[in-house]
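The chain that follows stands alone, in the form predicted alone, written as structure tokens.
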């Protein structure tokens, strides 16, 4: 091969195939089912390459088709709009931090190690759990990793999860446990309060001696606070299961942290701590555990520790990496490599800017605004609460007409309403970015469309 080996060299395809011992390039994809294999060229609208200027014009044309919303979205489902201070954007944009790649070499800079150590320390204080890793991909993958941890520790194969779990997290979990042959058991929830059915939970957990982990989400997918978490942790201890708690980090400005419940593992997402909405990502998975050697040893990802160098100076370093694939190959317990460390640093900056008093004030503001919105919407004739339990940030409502009609009407007015969760039910999200004027506009538009449909 005469040309540079790292540059594309389509003229040498035949030579390369001969070297690796295959006759055709499609032989390299023999494990891909033939019916889904793309053969031939892409059907592109342009028959020849466009110039940079022509591409810019085309992109502007496409961008002009985007809808401009009148207000921040009232749609959450676990990813909610929040104000991101400029300082967060500025600090993570600095060249010392700005990379999509997660450094895992022991010799990475002390500044980056310290930033991740600060992230771990802030989350540990917020969750009141001693050990935090330097982030995972998102909440769903953090939950799946926690379940895998439990399975490695107690070798049991059934996982008890609430039926009111975030459905996207459940899909991730199902995908991860499929290959391990783990069985997922769903615990039903009370259709009046929206909370987990704790009596059913006791029956399900007590009737099996193979429960590896029990998961509970606080608040649950419908925004409702679970009020008997001790019931779950107590039963987990009785049957030798690992207790896992998923928690909205902002809600911890109002409610007890996972550590106070003696939870084994807590998981979450840092999206609500300084990350903007951006087509569903990037997110950042949070994981914390008790200071228990068995749990810490099985924790995925990397942990930054504080130590001293040979001269007695303070030094940060990566510890407990022996579970990762670059160190243990196929014996690794996780494959977290390019995770979301930059987003974890954004969380650290956000939390340090707010401080514990700011976080509490923000949580109180979200609680007040979401309750005001729900109360005002319920004052519209025929609109009722789907669940009676107290809630944070998100809440479900039932409407007297098909919700898709309401949603379409709102979109025409430049408002993205709640997620439709039933023919006449929707899940709304209200945070500190929704002003009273925005909320009142939402209420007025919903009232208008309901009255219009009922009058027709």
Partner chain sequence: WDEQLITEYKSTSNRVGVLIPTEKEIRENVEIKLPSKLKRAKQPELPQVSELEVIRHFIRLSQMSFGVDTGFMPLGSCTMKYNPKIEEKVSSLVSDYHPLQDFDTVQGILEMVYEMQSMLAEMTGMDQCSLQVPAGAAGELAGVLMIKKYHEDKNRRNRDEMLVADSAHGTNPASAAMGGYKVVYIRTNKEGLVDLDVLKEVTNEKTAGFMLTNPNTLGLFESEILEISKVLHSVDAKLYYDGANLNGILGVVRPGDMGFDIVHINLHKTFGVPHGGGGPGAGAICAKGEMVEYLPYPLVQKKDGKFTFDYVPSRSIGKIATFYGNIGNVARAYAYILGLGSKGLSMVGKMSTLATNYLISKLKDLRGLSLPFSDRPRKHEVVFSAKPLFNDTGVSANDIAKALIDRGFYAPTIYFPPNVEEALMIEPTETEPKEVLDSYAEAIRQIIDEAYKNPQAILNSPSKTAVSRIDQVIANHPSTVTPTYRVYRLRSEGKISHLK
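Predicted, not measured: the structure shown is a model, and the values here were computed from it. Take the two forms, superpose them, and find the largest set of C-alpha atoms that agree within 1.5 Å; that set is the rigid core. Positions refer to the first chain, counted from 1.
From this point on, the text means the form predicted together with the partner chain, which you will not see here.
Interface residue among 386, 342, 153, 204, judged by heavy atoms within 4.5 Å of the partner chain in the predicted complex: 342. Proximity to the partner chain in the predicted complex, defined as a heavy atom within 4.5 Å, singles out one entry of 165, 211, 187, 349, which is 349. Put simply, residue 238 is far from the partner chain in the predicted complex: not one heavy atom of it is within 4.5 Å. Among residues of the shown chain, residue 314 is one whose heavy atoms approach the partner chain to within 4.5 Å in the predicted complex.
Residue contact check for residue 445: none of its heavy atoms lie within 4.5 Å of the partner chain in the predicted complex.
Interface residue remark: residue 390 is counted as part of the site for the partner chain in the predicted complex, having a heavy atom within 4.5 Å. Residues of 41 to 74 that come within 4.5 Å of the partner chain in the predicted complex, judged by any heavy atom, are 41, 42, 43, 44, 45, 46, 47, 48, 49, 50, 51, 52, 53, 54, 55, 56, 58, 59, 62, 63, 65, 66, 67, 69, 73 in sequence order.
With a cut-off of 2 Å and the rigid core superposed, residue 14 has a Cα displacement that reaches or exceeds the cut-off between the shown form and the other one. Relative to the superposed core, residue 24 undergoes a C-alpha shift of no less than 2 Å between the shown form and the other one. In a rigid-core overlay of the protein, residue 411 has its C-alpha displaced by under 2 Å between the shown form and the other one. A change of 3 Å or more separates the two forms for residue 34 and residue 181: their C-alpha atoms lie farther apart in the predicted complex.
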